[in-house]
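Take a look at this single chain, the form predicted on its own, given in structure tokens.
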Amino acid sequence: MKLYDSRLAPNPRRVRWFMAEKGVEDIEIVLVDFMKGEHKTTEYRAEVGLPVAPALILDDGTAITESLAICRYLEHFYPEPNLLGRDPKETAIIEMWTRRAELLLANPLMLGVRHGHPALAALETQVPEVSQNNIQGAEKALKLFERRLSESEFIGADRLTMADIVAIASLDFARIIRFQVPETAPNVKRWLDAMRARPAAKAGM
């Protein structure tokens, strides 16, 4: 297997962090330079199907895109530590919080960066209002995660799971536009410090 990776985007980092937590080291990593348009070449599109990263290419040539789909596939072959759920109830709860992290934090912060960071103007037409509105949405969503983390050490379960990885990758990505967790969310800040102290945090960079 090989993994097409990019160091600029948060979604590939989810997969790198996931692999680091599991100690997966036997997958070839191929870096893709978005700024040079390497993901848009005819050869890349023919192999992957879309101009996106991450993309996991299986030995039979099957291409799996979307970070969560890739992680679910890898969980089957590298089951420990479990990051997606051990039974139906836990799996559903982790999935619920993973979706909340993606829809309420990851997507708004991604749009906030894409439309708010000057360097990304080379990739698309920026609309400052889109950035501002989405950043405000992410700030509002932090209240939900503050409540959750006031009663739990981690977001999705009693241990680190995919929900935490999606959230931390998004918040770290937003640092390039100086997005910060407010002092009114002390439990999110406690969780954030703990996540950044994990060995996988460096491996996921």
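Residue numbers here begin at 1 and follow the sequence given. In this text the structure is predicted, and so the values were computed from the model without any measurement.
A second form of this protein, the form predicted together with a small molecule, is not displayed here; the remarks below concern that form.
- Listed residues 146, 66, 139, 38 were compared with the small molecule in the predicted bound form; 66 is the one with a heavy atom within 4.5 Å.
- Across the options 50-58, 175-183, 153-161, 23-31, residues that bring heavy atoms within 4.5 Å of the small molecule in the predicted bound form belong to 50-58.
- Shown alone here, residue 19 lies farther than 4.5 Å from the small molecule in the predicted bound form, counting heavy atoms only.
- In the predicted bound form, the small molecule lies farther than 4.5 Å from every heavy atom of residue 72.
- Put simply, residue 123 is close to the small molecule in the predicted bound form: some heavy atom of it is within 4.5 Å.
- Taking non-hydrogen atoms only, residue 9 approaches the small molecule to within 4.5 angstroms in the predicted bound form.
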